[in-house]
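Only one chain is given next, in C-alpha cells, and it is the form predicted on its own.
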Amino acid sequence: MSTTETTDPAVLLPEGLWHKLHRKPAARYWKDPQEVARKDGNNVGKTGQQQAQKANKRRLVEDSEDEEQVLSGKSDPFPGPAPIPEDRLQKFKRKDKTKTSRSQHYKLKDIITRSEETSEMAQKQAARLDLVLPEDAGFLEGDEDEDTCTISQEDIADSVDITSATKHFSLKLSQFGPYRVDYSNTGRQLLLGGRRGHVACIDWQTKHLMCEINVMESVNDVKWLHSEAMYAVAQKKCLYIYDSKGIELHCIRKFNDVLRMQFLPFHFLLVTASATSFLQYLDVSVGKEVSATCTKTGRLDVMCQNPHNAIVHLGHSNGTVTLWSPNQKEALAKMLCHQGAVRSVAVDKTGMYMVTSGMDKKMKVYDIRSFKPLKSYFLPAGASCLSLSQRGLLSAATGDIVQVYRDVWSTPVTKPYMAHRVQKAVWGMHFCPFEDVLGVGHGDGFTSLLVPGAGEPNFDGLGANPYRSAKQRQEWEVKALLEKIQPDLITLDPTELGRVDHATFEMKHQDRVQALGFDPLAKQKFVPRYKKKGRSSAGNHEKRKRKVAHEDLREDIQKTAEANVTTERERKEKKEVLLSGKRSALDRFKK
C-alpha cells in the first residue's frame, strides 16, 4: 500500500482562511482598468466592465471639478459667471469693506468676513436682476419740426395700447365742483372732493366706485392716509376721518377751519393748515395731536411737503415761503420768493429743488440745499396750481389750461412739453404714482390726462405695491407701524441724526477728567495678545485688561493722593499762621 503526499495548500488550510489570505485587493481609482484586466488574464468579464465604468465616472467627476469646463469636446469660450459692469455694481453698493486688525478675535473676524461675503453676493444679485426690470421710462417724441405740446390727448390715446388708452377719461360733475384730487400711495385709488360737499372714492383703473357721499357742507381739501382704507376730509367746521366705504370714523373738532392737508407716510402724521394761521400735526396711529403752532402769518392756503425730510413748506401772502417742523415753534427758514402773494409750492422727491408760483406771474425754481434761485420763468397768466411727478415733470395750471414742463431746473425751458385745455378753471392737480397719468380737478369735474414719462416704471414690492392683496396690505401696515419714525427726528438735514455731537462729548469728557483727577483717554488702551488653547476666552481677556488697567492707574492715584495730602498740609499751616497772628485777651498774663 502506497501513500502519496499532497502539497495543495487548499487541502492543508481551512477553506475560509485560504480565501481570506488569497483575496484580490479592491480596485483603486488611480489604476487603469485595462492593466488590471491584463494582469487577471482570463478574468476579463462582467467585473472588469463594471470597474471600467466606475473609473470613467470618476474621471468625469474629476474633469467637472477642474477650472476648464469641457462641452462637446471643446473648451468653454466664456468660463465662469458673466461679468457685471462696474457702474451697475456701484449703484447697489451697500458698504465699504471693514479693516480688521491683528488683535481682533478670530471669531469676530469670521463673522465680519461672512457678513461682507453675504453683502457682496446680494450686491451682485441686485446688479444682475437690474437687467430684467420689466419697464423703462420713455417720453413723447414728435416728428421733424413738430412740437410735442401740439399733440392732443385723443391722438395719444389712439396711438397707445387699449389698456393705456382707458387711462384717459373725463368725469362730468359740474353740479358739485370744483374738485380737489388725491391718489393713494400705490396709485390705484382716486379720491375726489367737491367744493359743494361731494366726496367719492374710485378705483380709477377698473372704474369701480368704492363709495360716494355728500357731507352737506363745503369741502376744502381731501387726503388719503397711510392706506386706501381711510381718508381725511377738511370740511367747513371740523376735520373728519372716513373709511373706504364712506362711514364716518372720527370727528376731530380741535382741527377747525382747515384749508390744506398733507400726510407724512413714514411718521403717520397728518399736517393741517387752517384759516386762523395754525399749523397742526395729528398722529393718526394713536389719534393724538403732536404739535400746534401759530405761524402768525395770516391765512394758510398754500402748503406742500418735502418727501425727503418731511419738512412742511408754507406759502404766504407777503411773498415768503417758510419751512416748519413739529419740534420748533418758529420757522426753520424763511425765503422771500415773490414780490406778490405765493399761489402754489411744489418740492421734488429728492428734496433738492422747490418750485413756486406767485401773483407776480413768475414761476421760480430754488435749490433748497443752498436756498438760492436757479431759474425764473414768466407765465402770462401765472400758475395757480403746481405738481411734480416722480420723474421730475412739472405741471402748471393757468386758468383752464394745463401745461407740463420737462427739466425745469437743469436747462432753460422755452416751451411746454405738453398742453391741454379743460372745461373750467383748475382747482386741484396731482400726478399718479407709478403711472404716466395726471389727474386734474376743475369746475366741471375730473379729467385724467396721459403724460408719457411722468411715473416711475418700477415699484418696490415691499413698499407701495399697486398689486398687493388685502392680506399683504395688512402685513405692510403692521410693519410700517413698527418702523414708524418719531416726530422728534424731523430735521432739515436727515444725515445729522447719524453724526456725533463733538461739543457735548468734549464737555462730558472735561467733567470726567475733573472728577477723576486724570485723563482716562490720554493713554492708549491695552489690548491683550491673543493666546491659544482656550486662554483667550472672554473671561481671561477681561481679567488681563483689568489687571493692566489697575497697574496703569496706580501711579496716577498715588500722584493724586500725594497732591491732596500736600494741599491739606498747606491749608493747615496757613490756618495755624492765621491763628498765631491773632492776640487773645489772656495774652497779658503770659510771662
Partner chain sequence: MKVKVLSRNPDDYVRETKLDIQRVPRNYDPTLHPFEVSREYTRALNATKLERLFAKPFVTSLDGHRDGVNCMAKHTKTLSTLLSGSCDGEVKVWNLTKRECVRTLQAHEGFVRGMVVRFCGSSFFTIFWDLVLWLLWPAQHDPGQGGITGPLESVFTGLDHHQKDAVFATCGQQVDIWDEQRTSPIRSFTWGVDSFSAVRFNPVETELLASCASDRSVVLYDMRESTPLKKVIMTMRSNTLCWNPMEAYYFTCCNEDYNLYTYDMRFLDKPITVHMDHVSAALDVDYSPTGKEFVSASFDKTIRIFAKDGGHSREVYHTKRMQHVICIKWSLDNKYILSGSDEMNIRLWKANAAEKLGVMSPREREAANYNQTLKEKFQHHPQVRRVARHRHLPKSLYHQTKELRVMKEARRRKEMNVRKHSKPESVPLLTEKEKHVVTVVK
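If you're wondering where the values come from, they're calculated on a predicted model, not measured in any experiment. Residue numbers count along the first chain shown, from 1. By rigid core we mean the largest C-alpha set that fits within 1.5 Å across both forms.
Keep in mind that the form predicted together with its partner chain is not shown, yet the notes after this line are about it.
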Query raised in the report: Is there a non-hydrogen atom of F518 within 4.5 angstroms of a non-hydrogen atom of its partner chain in the predicted complex?
Result: yes
Query raised in the report: Does its partner chain get within 4.5 angstroms of any non-hydrogen atom of S448 in the predicted complex?
Result: no
Report task. With heavy atoms only and a cut-off of 4.5 Å, decide whether H226 touches its partner chain in the predicted complex. Result -> no
Requested in this report: Examine R195 and determine whether its closest non-hydrogen atom to its partner chain in the predicted complex is within 4.5 angstroms.
Outcome: no
Requested in this report: Name the stretch, out of 361-369, 76-84, 347-355, 334-342, where some heavy atom lies within 4.5 Å of its partner chain in the predicted complex.
Outcome: 347-355
Query raised in the report: Do heavy atoms from each of S164, A310 and L497 fall within 4.5 Å of its partner chain in the predicted complex?
Result: yes
Report task. Find the only residue in G382, P457, G392, G443 having a heavy atom within 4.5 Å of its partner chain in the predicted complex. Result -> P457
Report task. Tell me, out of S218, S410, N214, S159, which residue has a non-hydrogen atom within 4.5 angstroms of its partner chain in the predicted complex. Result -> S159
Query raised in the report: After a core superposition, would you say T322 shifts its C-alpha by at least 2 Å between the shown form and the other one?
Result: no
Requested in this report: Classify K93 as shifted (yes) or not shifted (no) between the shown form and the other one, where shifted means its C-alpha moves by 2 Å or more with the rigid core superposed.
Outcome: yes
Report task. Align both forms on the core first, then report whether Q123 has a C-alpha shift of 2 Å or more between the shown form and the other one. Result -> yes
